[in-house]
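One chain follows as C-alpha cells, the form predicted alone.
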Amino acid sequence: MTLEIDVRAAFTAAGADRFEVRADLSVPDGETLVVLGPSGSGKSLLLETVAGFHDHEGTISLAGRDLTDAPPEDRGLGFVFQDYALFPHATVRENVAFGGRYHDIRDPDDLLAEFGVSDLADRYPPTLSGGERQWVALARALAVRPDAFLLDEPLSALDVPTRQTLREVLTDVLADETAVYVTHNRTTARALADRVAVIRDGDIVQIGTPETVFERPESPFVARFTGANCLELDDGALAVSGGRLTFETEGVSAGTHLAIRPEHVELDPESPDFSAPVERVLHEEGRCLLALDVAGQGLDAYAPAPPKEKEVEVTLPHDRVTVLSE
C-alpha cells in the first residue's frame, strides 16, 4: 500500500525555539524508506506527524485513503517506538494485545512464539532487557495487522549483538511491507533501506537508493554524514604532498569539495597519487581505519592491517570521487 506524505509540522518545546519539519515523500507499496539524519534533524517529529500525534499542514494518505484528520488508532499504521512505550503494569501478553480494543488482532501468544520469546508472556516490562522489550514492541506493532509500519530508531539503545539480531529480523519482517524507518545509524540504513532520505534541519536534502546516496552524495553535509571523506578543493584541485591533484568539475558550479568513501581509497598502489602521514590507527573488527594527513586535511582509509611505515602511498580513483559544491 502506497503511503503519500506531503506535510509541514511544527514543534516548540518548553523554553526552546520553534522547529519545523517539511516533507513531500511517496513510499510505494512494499518499500522500506529509511529517513537518515542526525539528532535534532526532525526524524521523529516527521514520523509522529505521519502517525497522527501532531497537528500539521498538508496531507497524508495510505492506499488512496486520506489519513490527514484520522486519529492515530484509525490510520492502519503499526508504530515501533525508540523507547518501546510499553505499559509497565501490564504483562507482555497484555501489551501485545493492546491493539485489540481498536482492531481484530493476531493472537499474542502466536506472535511471541514466532519470535521465540513465549517465556516472556507473563512477565512485566520493567523485568525485561532492552532487547526483550524491543521484541515485545515489534510483536505489538505486528499484532494489529498494519497496512504500513513506522519505526522510530528501535535499535538505537541495544548492544551490538542484539542490534544485529534484531536488524536481521526486521529485514525479514519488513520485506514486501510499506515502511518508514528513521535512524541516525548508517549501517542500519544501508541494511534495511530500499531508498534513503537524508534529513537536515527539518528538510529532506537528498533521496535515492542506498548506493546512490552513500556513493554519490549531493552535498558536503550528506557526504560527511554518510561516512565519506569530504576534502576542500581549490579551483578543482586538491593540495597534496608534492603538488596538486586536479579533478573534473564539469557540471558542478564552483566545485569546492571532493567526496570519497574510506573503502575506496587505495593504499600502496603501483602508481600512487601522493604520500600521506598516518596520524592514527583505529582497530576495527577484521581491519584497521587509518586517519591520514593530506596537506592539513584528514583522509580516512581502510587497511587489512596496521601499516609498517609512518607514511603510506595513496591513490584516489577518479571514478570513485564525487566533486561537490557547498
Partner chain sequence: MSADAHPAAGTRLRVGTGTAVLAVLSIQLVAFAAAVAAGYPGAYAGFAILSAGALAAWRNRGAFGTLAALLGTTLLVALGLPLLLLVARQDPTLVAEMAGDPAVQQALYLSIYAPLLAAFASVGLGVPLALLLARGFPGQQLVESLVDLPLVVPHSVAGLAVLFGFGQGGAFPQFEVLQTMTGMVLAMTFVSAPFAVNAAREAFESVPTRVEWAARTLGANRWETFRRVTAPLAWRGVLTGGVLSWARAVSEFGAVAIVAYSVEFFYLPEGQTVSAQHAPVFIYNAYLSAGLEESGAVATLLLALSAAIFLLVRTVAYDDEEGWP
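Positions refer to the first chain, counted from 1. Remember, it's a predicted structure, so these values are computed and weren't measured experimentally.
This next part talks about the form predicted in complex with the partner chain, which is not shown.
- Considering the partner chain in the model of the complex, the lone stretch of 74-82, 187-195, 222-230, 239-247 in range is 74-82 [heavy atom distance within 4.5 Å].
- Residue contact with the partner chain in the model of the complex: E31 places no heavy atom within 4.5 Å of it.
- In the model of the complex, the partner chain sits within 4.5 Å of a heavy atom of H54.
- Among residues of the shown chain, G99 is one whose heavy atoms approach the partner chain to within 4.5 Å in the model of the complex.
- Within 4.5 Å of some heavy atom of the partner chain in the model of the complex lies at least one heavy atom of H103.
- Among L86, V173, L111, L120, the residue placing a heavy atom within 4.5 Å of the partner chain in the model of the complex is L86.
- Listed residues L155, I199, V213, V144 were compared with the partner chain in the model of the complex; V144 is the one with a heavy atom within 4.5 Å.
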